[in-house]
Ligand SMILES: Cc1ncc(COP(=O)(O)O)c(C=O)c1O
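Presented below, as structure tokens, is a lone chain in the form predicted alone.
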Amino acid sequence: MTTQSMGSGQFAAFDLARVPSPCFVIDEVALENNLKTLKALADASGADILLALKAFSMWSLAPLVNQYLSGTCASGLWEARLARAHYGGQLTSFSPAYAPSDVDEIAALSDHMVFNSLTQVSRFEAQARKAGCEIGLRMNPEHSEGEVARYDPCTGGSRLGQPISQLADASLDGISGLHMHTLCEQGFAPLQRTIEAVTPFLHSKKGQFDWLNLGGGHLVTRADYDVDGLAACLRALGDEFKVKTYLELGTAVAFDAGILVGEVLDVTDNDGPIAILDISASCHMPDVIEAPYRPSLLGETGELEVKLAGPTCLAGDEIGHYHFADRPQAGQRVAFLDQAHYSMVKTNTFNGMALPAIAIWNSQTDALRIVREFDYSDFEGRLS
């Protein structure tokens, strides 16, 4: 995959030495600018926009999020609890399969409970109705727009959603809305094609549903996104099918709003210089390995190519090759761009790696506050 970052932005002026290393730094101004864009989209389209906690669940910034978005969406019980503890508005929950022991509480916390299959609807609808939440079904449009199979919910054999070809003759009585999530950090055109692909089915079920949730993967806050086109599409869907429309956005909420600051620990040589950082791809930016992709480096410049890698024992704990004006030195700070979404929620302590601290910076006032630092107890406490 290719990073979608638009560049350093205001972080070009940030002194990396002001925070402990490693550390996530979130610019609350950039975050609010994203939220303003999303609020304008909601106003123009009539859609409700929810924060996908699976991508960005930094609840210390929940008061800011609550000013602009209609609520949150959760992927399971713990995220649902977090949503009700710290966020306002609506809560939609979805899981590929709910554990029976979690259903009652998730249903009690949620406004919409979206099921991945008709079998799960049949198994748990009575419990969901008893709790008073609306029942939704995730459908798989069987129309693939993903660039990478691992991140394509519509790839062949996908476990995500009931295939649309299986729904034509199925009884959907009691299901209040349909959900589909088909994209990953993409523009409006792939969504437009997906809508065209599912329109015949929607017409065949017209009048049966109250809402349509188009999930996430829409990179609305990237500067070149066709926001007007999306707004018009959402309005048209709502008008034509008489449904309330929803988006569940994660990356778009925190896009280019955060960096991950690290420090060079050592520089070795093996077919070129290798800088070992206190940032681990495996522990702190797992998508670098899973996607894979190469995150942009703050202020990258120069002709000297250097491999940047993590300090764990995993041979593949490598971030990528980057260019420097001079050979990096131990103690030198570096930062990777666009790390607020997904990286923070996926961190782990493999090899006993320390979790990055978390800081909030205001790029207008230059105010900085460290909101969380982790220590050995956080590592010890998750083991037994």
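The shown structure was predicted, so the numbers you read here are calculated from the model rather than taken from an experiment. Residue positions are given as counts along the sequence shown, with the first one as 1.
Quick note: we don't show the form predicted together with the ligand, though the next part is all about it.
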| field | The single option of 295, 136, 217, 161 touching the ligand in the model of the complex, heavy atom within 4.5 Å | value | 217
| Out of 48-56, 33-41, 61-69, 326-334, where are the residues with a heavy atom within 4.5 Å of the ligand in the model of the complex? | 48-56
| Mind checking whether each of 24, 284 and 338 has a heavy atom within 4.5 Å of the ligand in the model of the complex? | no
| message | If we define contact as a non-hydrogen atom of the residue within 4.5 angstroms of the partner, is residue 249 a contact of the ligand in the model of the complex? | response | yes
| Applying a 4.5 Å heavy atom distance criterion, does residue 94 contact the ligand in the model of the complex? | yes
| Taking the shortest heavy atom distance, is residue 342 within 4.5 Å of the ligand in the model of the complex? | yes
| message | With the partner left out here, check for me: in the model of the complex, does some heavy atom of residue 179 sit within 4.5 Å of the ligand? | response | yes
